[in-house]
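One chain comes next, on its own, written out as structure tokens in the form predicted alone.
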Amino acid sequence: MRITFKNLTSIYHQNTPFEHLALNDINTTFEEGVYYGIIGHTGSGKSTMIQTLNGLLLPSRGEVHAGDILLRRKSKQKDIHRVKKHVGMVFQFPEHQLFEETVLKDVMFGPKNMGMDETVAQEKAEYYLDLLNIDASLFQSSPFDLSGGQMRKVAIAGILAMEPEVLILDEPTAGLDPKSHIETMALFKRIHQEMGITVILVTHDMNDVYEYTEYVKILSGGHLVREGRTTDLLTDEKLLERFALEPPDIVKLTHDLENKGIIFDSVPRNVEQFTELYEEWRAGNA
């Protein structure tokens, strides 16, 4: 599903003393099958943008075109519901959304709520639980008896079971230890590659944005100030400094080495690539 914002403006508490312009005249497109990052300081408009993507918020002015569905300020509930079928969102701490008495029932809830037959809903639930490496022996367990990492996977399986075409990740690694952080980001990379869906990552972790995303949109003060390839924008330290954003650690380290005369053929995206490029440089300068 292709999603386009046309002259989109979002205003909170409009026509009150608390009026706040959250997004100002945004024109941008999210193409099918691409892994995006949305970055910007707190208050830049990131949360408003992603909630507008799936109909949680409607535009104050302008339009959202989600496939063949048009959302405006006074869109009907049936259109909003149609968008939510196609655009899934993983909120911070998604495990807080668990509520059913068993793991299987929790994952089946979304598909059944969309009108799927119980047998089909169960098949989809079992498939996505297996995809996320939740053992079948846990299907009849209470989700609240699982570990924190397992609970998060069950919550994500519930979103995937509705088979969205677009998956929004809102700070998906919040509260996770380093090992679980790596496993969770690797999981979303696998989902993106295997399911071919659009993924939109919102996070303050510039290392994750740099390693996993293909394109980045930078927000500042409610304006879309830059968009482009991740490798172009996140290696431009002057640009990031302008918008008070920290460069990824790998980029800083690579640039520090350049100042010492150690120059790679390209800027690595992760530790593994950095190690390979450094070894290549050493071999060529031995």
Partner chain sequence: MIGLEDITYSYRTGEYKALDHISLTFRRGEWVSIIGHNGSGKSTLVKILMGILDDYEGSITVDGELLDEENRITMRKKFAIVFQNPDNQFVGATVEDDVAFGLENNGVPRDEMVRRTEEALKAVNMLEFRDHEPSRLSGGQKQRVAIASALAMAPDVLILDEATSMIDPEGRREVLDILRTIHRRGKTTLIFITHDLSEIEDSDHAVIMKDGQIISEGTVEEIYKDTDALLASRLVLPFHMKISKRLLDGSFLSYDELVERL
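Positions refer to the first chain, counted from 1. Between two forms, the rigid core is defined as the largest C-alpha subset superposing within 1.5 Å. Values in this document were obtained by computation on a predicted structure and should not be read as measured data.
There is another form of this protein, the form predicted together with the partner chain, and it is not shown here; the text below is about that form.
Student: When the contact criterion is heavy atoms within 4.5 Å, does residue 77 count as touching the partner chain in the model of the complex?
Tutor: No, residue 77 sits far enough from the partner chain in the model of the complex that none of its heavy atoms falls within 4.5 Å.
Student: Heavy atoms within 4.5 Å of the partner chain in the model of the complex: does residue 196 have any?
Tutor: So residue 196 does not count as contacting the partner chain.
Student: So, residue 6 and the partner chain: in the model of the complex, are they within 4.5 Å at any heavy atom pair?
Tutor: No - in the model of the complex, heavy atoms of residue 6 and the partner chain never come within 4.5 Å of each other.
Student: Flag residue 176 as yes or no: does it have a non-hydrogen atom within 4.5 angstroms of any non-hydrogen atom of the partner chain in the model of the complex?
Tutor: The answer is yes: residue 176 has a heavy atom within 4.5 Å of the partner chain.
Student: The partner chain in the model of the complex: within 4.5 Å of a heavy atom of each of 30, 135 and 228?
Tutor: Checking in the model of the complex: none of 30, 135 and 228 is within 4.5 Å of the partner chain.
Student: Only one of 250, 50, 58, 239 gets a heavy atom within 4.5 Å of the partner chain in the model of the complex. Which one?
Tutor: That would be 250.
Student: Taking 4.5 angstroms as the heavy atom distance cut-off, pick the stretch from 142-150, 159-167, 79-87, 121-129 that is near the partner chain in the model of the complex.
Tutor: Heavy-atom contact with the partner occurs in 142-150.
Student: Which residues in 242-279 have a heavy atom within 4.5 Å of the partner chain in the model of the complex?
Tutor: Counting only heavy atoms within 4.5 Å of the partner chain in the model of the complex, the contacting residues of 242-279 are 244, 246, 249, 250, 252, 253, 256, 257, 260, 262, 271, 272, 274, 275, 278, 279.
Student: Examine residue 147 after superposing the rigid core and state whether its CA is displaced by 2 Å or more between this form and the one not shown.
Tutor: After core superposition, the C-alpha of residue 147 moves 2 Å or more between this form and the one not shown.
Student: Superposing on the rigid core, is the CA of residue 204 displaced by 2 Å or more between this form and the one not shown?
Tutor: It does not, since the residue 204 C-alpha is displaced less than 2 Å between this form and the one not shown after the core fit.
Student: So the Cα-Cα distance between residue 181 and residue 132 shifts by 3 Å or more in the model of the complex; is it shorter or longer than what we see here?
Tutor: Result: closer.
Student: Pin down for me whether the residue 182-residue 95 Cα distance shrinks or grows in the model of the complex relative to this form (closer or farther, change of 3 Å or more).
Tutor: Their C-alpha distance grows by at least 3 Å in the model of the complex.
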